[in-house]
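One chain follows as structure tokens, the form predicted on its own.
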């Protein structure tokens, strides 16, 4: 019963919407349900959905990380720069992941230790990380990466299933267990609900937030490397604007923008909705600008609908009392 209970709420609504979108897409396009299209559906947005998983932790913790897409770009461009300098590609991957951890720690220190708002800090690093990416590659495109690196993003690892999709599945399971089944996850919810209460309970909230932002930086850097592998080239504008889709997926999944509520299962359902919606629109030749507009409307709705529902619930006891 406890397993089915979430399906009676927002997650149940998302599941119904997802089924309706899949049915509509299948009716409008005979190519929609083909195996190649289903893999392509994930492949074209795999970096965004990987970052959405860790963004769930950030927002449940009552913070925001606007710098994730810029960190993806910085990681990808750093790999291109290291490659141009003759650094071994495996070592370059390790260095790029360390850059992600360092960038996350930079955000976390100013947020958790200095006490600055995460919106302000990560807006600044959104600009800063993107600027560093452009400094590294200037206006040039860097390509010619090793074949094995390109294969990670372009070829199937298990049959037609690419490495990035397998990485997404593994990461989802690992983060689901971490959030829903461990003390770390419980602390994430408690801090997001009320940081003062968490402090009084003896939780080191500063350390916890530092870890979450370091996780965000690491996963974003990993996603940037996957983007470089899939596209086969990097430029200073890699992943620019991706943060809109990432945040939309998380908020649409029922994660409260005020923290303390939500789940990775909700995020997964929202990911599937956004991917199927974009894919369906692409199959019927709806342009990318309109697709972005629809995603923007989803972002607005994902914030407004829960607030409207909460207001209705608060008014109900008052009416019953009268």
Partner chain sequence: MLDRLSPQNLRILALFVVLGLVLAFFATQVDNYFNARLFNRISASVAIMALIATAQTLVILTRNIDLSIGSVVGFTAFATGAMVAANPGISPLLLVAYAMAVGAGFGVVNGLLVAYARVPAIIVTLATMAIFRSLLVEFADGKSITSQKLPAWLTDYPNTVLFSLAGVEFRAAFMTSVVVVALVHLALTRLRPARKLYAVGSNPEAAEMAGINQRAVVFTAFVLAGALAGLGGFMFLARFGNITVVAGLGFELKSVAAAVVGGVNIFGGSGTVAGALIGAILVDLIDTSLVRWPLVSEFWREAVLGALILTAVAVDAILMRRLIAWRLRREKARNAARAAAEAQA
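Positions refer to the first chain, counted from 1. Since this is a predicted model, take the numbers as computed values, not measurements.
Although not depicted, the form predicted in complex with the partner chain is the subject of the following passage.
Undergrad: So, 116, 123 and 126: all three within 4.5 Å of the partner chain in the predicted complex by heavy atoms, or not?
TA: Yes, the whole trio is in contact, each within 4.5 Å by some heavy atom.
Undergrad: Does residue 290 reach the partner chain in the predicted complex, with heavy atoms at most 4.5 Å apart?
TA: Heavy-atom contact with the partner chain at 4.5 Å: present for residue 290.
Undergrad: Against the partner chain in the predicted complex, would residue 232 count as a contact residue? Criterion: heavy atoms within 4.5 Å.
TA: Judged by the heavy-atom cut-off of 4.5 Å, residue 232 is well away from the partner chain in the predicted complex.
Undergrad: With the partner left out here, check for me: in the predicted complex, does some heavy atom of residue 131 sit within 4.5 Å of the partner chain?
TA: Yes, contact at 4.5 Å.
Undergrad: Determine whether any heavy atom of residue 248 comes within 4.5 Å of a heavy atom of the partner chain in the predicted complex, and answer yes or no.
TA: Residue 248: contacts the partner chain in the predicted complex.
Undergrad: Which of 83, 163, 106, 176 has a heavy atom within 4.5 Å of the partner chain in the predicted complex?
TA: Result of the distance check: 106.
Undergrad: Within 4.5 Å, heavy atoms only, which of 101, 87, 244, 169 is in contact with the partner chain in the predicted complex?
TA: Comparing distances to the partner chain in the predicted complex, the residue within 4.5 Å is 244.
Undergrad: Within 4.5 angstroms, counting heavy atoms, which one of the listed stretches 291-299, 265-273, 48-56, 33-41 is next to the partner chain in the predicted complex?
TA: Among the listed stretches, the partner-contacting one is 291-299.
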